[in-house]
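Look below for two forms of one protein chain, each set out as structure tokens: first structure 1, then structure 2.
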Structure 1
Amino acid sequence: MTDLAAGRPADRSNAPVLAVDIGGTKMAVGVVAPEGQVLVSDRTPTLVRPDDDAEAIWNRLRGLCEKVLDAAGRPVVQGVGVGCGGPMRWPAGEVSPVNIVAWRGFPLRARLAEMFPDVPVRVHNDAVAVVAAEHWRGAGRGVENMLGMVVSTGVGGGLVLGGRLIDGGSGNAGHVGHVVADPNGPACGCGGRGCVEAIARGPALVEWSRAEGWRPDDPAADVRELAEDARAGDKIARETFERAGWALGVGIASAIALCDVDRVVIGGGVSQVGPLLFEPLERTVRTYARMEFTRRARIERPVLDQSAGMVGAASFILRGDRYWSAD
């Protein structure tokens, strides 16, 4: 878009951002105002069929972007921010989400840049996006040093030190889901064994509880039913969340000692079970984080709702001074 009278590109600094949040279960797209408010949004399942290939998933995402832009009145946007499940080649935005098997080395940033050739497109890990959102607008506001985690279909994380998002050499710094909690634990989708994610992610909770004998005649039962049974006193269900909280606590205690953070913010669908997970998690952190500087870290739940992924994705454009370091 060009200012013809001046002969130079029009100023888009007050324009909204198209924000994209891609996880193993759902994809969400929103138009986000410069102050961080989600103006219009919609979502769709990431996979409609188990055998969806890379192009089927991409076409679903492209269609969702078009639908949201139509609903917003086709605004001029100043950029496209994306949070996607990792790992990925960063900042190239070639993604290989552990929980989206059809996308291996998928050129997500390049595909979106073809759709939006006149604005920056920035792709980072979806958990990193949530961490940026909570640091910018949520539970980490005003905190200089923070670890954020998302416990959902996978377990991801991101790290803010000195008030800035830390990317690491490949953009995967803070990926606490692949800290090893139990070297003799279950196999992880990353190829390792005993990772926090292998024990605490939602599908792993259901798998472990079923192996222990939970609801053998109800194959459709999921984490929600598992939590309901745990609250009702079911022994296997309660042990499942104890085990998950322990694994998360071990990973968090290690990360606190390594990174010297003031706050840990934990969100994601599994975290919504509340005390079932947080009580064993906090107990484990207290057990292992015994040095004076590690004991000061506060564990908090998110302030933002399910829009956090989109708000964080938008922050890569809107607050690139803090949350983006490469183009």
Structure 2
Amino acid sequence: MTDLAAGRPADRSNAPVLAVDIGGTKMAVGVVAPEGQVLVSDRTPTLVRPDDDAEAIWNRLRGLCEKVLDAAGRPVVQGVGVGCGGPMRWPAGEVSPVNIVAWRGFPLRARLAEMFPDVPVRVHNDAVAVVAAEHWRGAGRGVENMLGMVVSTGVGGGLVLGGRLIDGGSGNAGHVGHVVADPNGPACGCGGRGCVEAIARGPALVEWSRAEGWRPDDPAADVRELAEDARAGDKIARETFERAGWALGVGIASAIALCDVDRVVIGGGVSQVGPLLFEPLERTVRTYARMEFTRRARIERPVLDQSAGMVGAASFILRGDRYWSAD
């Protein structure tokens, strides 16, 4: 788009960004100011009917974008940033989210580029977006080297090293969930064995505790009930979090040795159980990370709320110098 008066490209560096956060449960869209404040936002379930096809989901997202832009007064935006569940072809932005089965190789970046032809559209992993957000405006602010983790249905993450988001050769750097915690451990969904994720993801906690004999009153009980039982003294429930904290701690110790990070920021639904998880986690890190430089790393909780995904998506445009390397 050109500035008609001057015949040259418009300066949009003070314009906001359209930020999109897509997960298996909900999609959120916001208009984010250059300093990272979410000005207007809205959300919608990702699936309204279980058999929604790829185009139904796309149309829902497209409608949400239009609705949020309307609510914000149709601002000129300087770009569109997206965090989406992986895996994906990166930076092409063809997404195949594990939890959105109707999207397999869906050309999300290309579709958004058709909608917003004059500005950059940048799509990255949703966990990476959250880590970028925490680095930019949260618990990693001012730190040059940080590992961020999201412990939830899976265990995702992202790396900021030398002040820049690390992408790796295929945009997959930061997969701390697939660091091997126990080489003789359980099979992992990735095809490997004993990964941090295989032991510490929420569903694995529930599965393991049930196999060990945990019998909650509610047959549909999940990590929340498991944590309540642990706090009430249930031995199996306590051991479950001990084991998960141990696996996370081993993986974190390995990551600290390899990447020499100053800070580790751990969020996600499972992390909300608090000391049940963090006490064994920190103890394990202290056991395995014993060198002067590995003892330096501080473990912190996230600062941002659920808007982190949008803030991180926006950072791919607003702070592309730090958080986007692909173009």
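Sequence positions of structure 1, starting at 1, serve as the residue numbers. Just so it is clear, the structure is predicted and the values come from calculations on it, not from any experiment. Heads up, when I say rigid core I mean the largest set of C-alphas that superpose within 1.5 Å between the two forms.
Shown second, as structure 2, is the form predicted in complex with another copy of the chain. Hinge annotation between structures 1 and 2, restricted to W136, V264, I22, R243, points to W136 (rigid-part boundary).
Of the two rigid parts, the smaller turns 13 degrees against the larger between structures 1 and 2, judged by C-alpha superposition. At I57, the distance the Cα travels between structures 1 and 2 is 5.3 Å after the core is superposed. Core fit done between structures 1 and 2; CA of P117 shifted by 3.9 Å.
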